[in-house]
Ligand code: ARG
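Presented below, as structure tokens, is a lone chain in the form predicted alone.
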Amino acid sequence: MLQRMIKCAMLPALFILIQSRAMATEGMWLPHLLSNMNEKEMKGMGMKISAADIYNVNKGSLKDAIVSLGGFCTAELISSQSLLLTNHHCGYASVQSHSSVEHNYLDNGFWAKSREEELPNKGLFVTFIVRIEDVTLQAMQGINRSTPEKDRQKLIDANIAKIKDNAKKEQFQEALIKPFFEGNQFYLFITETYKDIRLVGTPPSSIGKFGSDTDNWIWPRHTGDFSLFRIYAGKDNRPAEYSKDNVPLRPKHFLPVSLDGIAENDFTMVFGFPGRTQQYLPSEAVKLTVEGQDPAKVSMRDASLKIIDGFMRQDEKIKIQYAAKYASTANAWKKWIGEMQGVQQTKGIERKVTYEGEYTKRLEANTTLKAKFDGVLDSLNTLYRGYAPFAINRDYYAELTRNVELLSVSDKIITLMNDVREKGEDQYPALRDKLVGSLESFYKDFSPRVDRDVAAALLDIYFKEVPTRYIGGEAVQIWMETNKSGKVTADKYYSNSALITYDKLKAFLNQPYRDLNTALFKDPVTRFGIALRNGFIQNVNNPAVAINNDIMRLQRVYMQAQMEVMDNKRFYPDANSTLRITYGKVSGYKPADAKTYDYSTTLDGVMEKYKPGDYEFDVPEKLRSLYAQKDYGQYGVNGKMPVCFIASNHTTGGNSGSPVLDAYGNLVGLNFDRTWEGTMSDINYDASICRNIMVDIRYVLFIVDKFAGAKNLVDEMKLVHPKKAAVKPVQKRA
């Protein structure tokens, strides 16, 4: 029966069914299925190319210009010399790694004047998708409805291993298999990964990060959020480790760049690697997210960010050390706030309940489906209610150990000791040296003063908000020893811990294994870390894992049930960091009563926000001069310089750096954000307010050419005028 369900689920007809409420812009679609599922609709919205132009395994297509950058962002090829465009915030950590007080590329920008000046980035890589194949039947071989849950994953893992072994690929390629629709389908991805990625250019943060945290997730935006890299390969054009002898990759395809810009209602596509969405959760899961977990995480990060921000404003060295960490922390913090507000504003929980009512009504009316899926939804919602306290307190612990960096180091040391116990004492020197080596870069960007104050604030929140029964008696006892005060605890521990500097840490870990085992319980930070971790594992993590296993099983069955019961709904798979395409239109929106937002911004708005000397809203003198002279070159329009625009493409984290393509497949923008009201699109997409935010490619070109004086990079690109070319001249009658 299950095998028959899988075959049915794979039929394209199941996905082409019309939704009761058509939302043409919703969805993150697999590119190799567009011809059967989306092409007609896309052309109806204005697309001028074919699905084969987007995804093709026999010749170069749009997919061959799109890469996953480092596994966390998207980037795209924009020249025959593999010039790579992505977001400033995606390249931020790389720029920071090359920066110092003497050479502050974060503040001043960086532009390589020659290939020899391009900077290598250890650990950074890009991955191409060569082809995608449906391997559901092979992955599910031997599995049916009666297969015990504990055996199911073992069988799938064994099947996947066989598929990978037998996959047709080159020696330098890799096979990746990912589950879709909660494990009801599986796809094989053949990939190529290149590891020699060099920094070519980036604007100063006053452009690339303009508006910083105040404007993050906010429309209207005026941020030139871009940076440029280049992919290098061996002389055989294949992946190679970094070498001075490497040459720029010769790509199968690169994106032409349109100078014609955008207009309202223009068709747009976003191609990239969206990270994670959960569109098919039950109502209790959405409620837990926005009423339980989000508030917990926001409260911890709010306290941490305020402290770090204070130090960064006063100390240039700390500003450089914490720039990337602060940006990462603030990004999620503000997203969660918008998610809470968006779900409330669009009555997202109520919409889920209404959907579940319709689902239940249809299920009750179909005796065959009722026999298969009766009680699944109710059981799943019940499990989420029981899971709630563990999930919330798990997030408090995760935020504590993430944001208090010495507790994070402590956790790594505890993990080291556990690994030694598991693998044998003779493995201790190698495992220890590996950890010590990995922490060198951490201490480069670590300030004990900052971390001490963060610890003081977060410990107070943690012990106030998390009930004692979830913390554990040992940690509570240690907390009482310091008068239940975050400040007293932090002052005492940061004065006496061996983890406070890199040199002290190395000396601490250089002890014989058995001596270190004893020393862990004497050092105040590791002693506290062990107590917190033990309490968390016993009282939160273990119970949570037990419930979550049941949730994952029922979520998979509920996904299957929705696809069979709601047979007028078109389903797309949740994002899972695999290649997807979304499509929509350039469009403004109304976020609230008496508020209406236009679809584009200009350099005028940058100058309106300009605050001399402000770390978020300062504007470089040269940019101000170009603005005063209206010196926009070929990139301006009617005396205005376009900066950003919005459209209704469905995006999420991982889409940062994704190319925004016009109806002809040309590059018109660079995706970098979503509107604050629409950040809830990961769990509750609503076409009325969900908008993605993009840098207009003309602003990118203007900054590279007129501001940075790097016209040589623009000269590498293929600049086109698709709209002008599409306008046919009127022929005169003879």
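What you see is a predicted model, and the numbers here were worked out from it, not measured in a lab. Don't overthink the numbering: it's just position in the shown sequence, from 1.
There is another form of this protein, the form predicted together with this ligand, and it is not shown here; the text below is about that form.
Mapping the unseen interface onto this chain, Lys209 counts among the residues with a heavy atom inside 4.5 Å of this ligand in the model of the complex.
Taking the partner from elsewhere, Asp673 is found to have a heavy atom lying within 4.5 Å of this ligand in the model of the complex. Under a 4.5 angstroms non-hydrogen atom cutoff, this ligand in the model of the complex has Ala327 among its neighbouring residues. Proximity of Trp217 to this ligand in the model of the complex: non-hydrogen atoms within 4.5 Å are present.
Stretch-level contact check against this ligand in the model of the complex with heavy atoms at 4.5 Å: of 695 to 703, 53 to 61, 32 to 40, 665 to 673, the positive one is 665 to 673.
This chain lacks the partner; the member of Arg533, His89, Arg432, Arg198 within 4.5 angstroms of this ligand in the model of the complex by a non-hydrogen atom is His89. For the options Asp411, Asp213, Asp395, Asp374, the one in contact with this ligand in the model of the complex, meaning a heavy atom within 4.5 Å, is Asp213. Taking this ligand as positioned in the model of the complex, the only residue of 329 to 350 that brings a heavy atom within 4.5 Å of it is Asn331.
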